[in-house]
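Read the single chain below, which is given as structure tokens and is the form predicted on its own.
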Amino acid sequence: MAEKIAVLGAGSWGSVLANMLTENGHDVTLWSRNEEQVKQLNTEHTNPRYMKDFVYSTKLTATTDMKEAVKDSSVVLIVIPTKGLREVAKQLNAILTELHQKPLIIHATKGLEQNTYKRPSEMLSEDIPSENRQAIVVLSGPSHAEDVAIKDMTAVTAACEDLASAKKAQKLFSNSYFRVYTNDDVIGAEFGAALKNIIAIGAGAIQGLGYHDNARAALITRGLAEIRRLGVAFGANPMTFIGLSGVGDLVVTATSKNSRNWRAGYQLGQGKKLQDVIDNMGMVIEGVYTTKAAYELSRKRQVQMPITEALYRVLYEGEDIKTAISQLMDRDLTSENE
């Protein structure tokens, strides 16, 4: 059955998901603060800053009025960078209180909050109390917007402790090229989604430095090991990290030029300064901020994350990337399963 859905966030991923939900037969309104972006989406059905040359469905409606988007919506999909998530959540909560609505909340945000180290679902549950919403579902997995836009075969996970809500999200998104699995491990799904961006920066950096497939494979494999260690320390199911929101998302993000985290790392490997990379990207590089949060969190929990620590030194202490790599390779020899 068709649902009325509000999508908050009109970047590449938010707008492509909104378009896909529209093509799945749902009544979708896409919210953005940017008036020019909304005008282009409604009149030209384009979003050139984020999705060059892609033409959106004429049935997709965009608006700068969040209340207009949310009114009568049974589902709200939030696709906002971690840094701006609380601000949007608080605005949404005020609207839901006014409208006396209680929608299902789905989010596709990948990161950790600075200083609190909270996951997106924790942030949302704090700022949107249970009286104004149903469950919170995490949508995560290997899914570049550019590939979904051209209907490349894609599989992701809908994670929620309430499996009925995860199954509802599964039905909303699934179609002939986009397959959704369910999972009840929200902690694992969100840690996998956040931490893979760190490893993607590292993978881009070593390629920018001229290293090849062996180095990238080693980095991804050992990166997955430390992602799992931190997630399990917080109660995640270890099996989640060999699934779509774990190794799946890690592989696609750490090997593709569509990944802004990989592109950021590649530029760093070529010798560009971090601030110049951030300025040139034009979009949020979640991995830069997640590196700091994960590094601090790992030290608090006494979890070994040597790759994350090395990238932290490069990004925040100005250490030379080649020096960081040498130090990683010169660490004490140990067992793979330790």
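One rule holds for the numbers: they count along the sequence shown, beginning at 1. Keep in mind that this is a model prediction, so the values were computed, not measured.
The same protein has a further form, the form predicted together with a small molecule, not shown here; the description that follows concerns it.
Every residue in the set P142, N258 and N261 has a non-hydrogen atom no more than 4.5 Å from the small molecule in the model of the complex.
Interface residue remark: N197 is counted as part of the site for the small molecule in the model of the complex, having a heavy atom within 4.5 Å.
Taking the partner from the other structure, the small molecule in the model of the complex has a heavy atom within 4.5 Å of a heavy atom of T253. For D249, a non-hydrogen atom is located within 4.5 Å of the small molecule in the model of the complex, even though that partner is not displayed. Residue heavy atoms within 4.5 Å of the small molecule in the model of the complex occur in exactly one stretch of 67-75, 142-150, 231-239, 161-169, and that stretch is 142-150.
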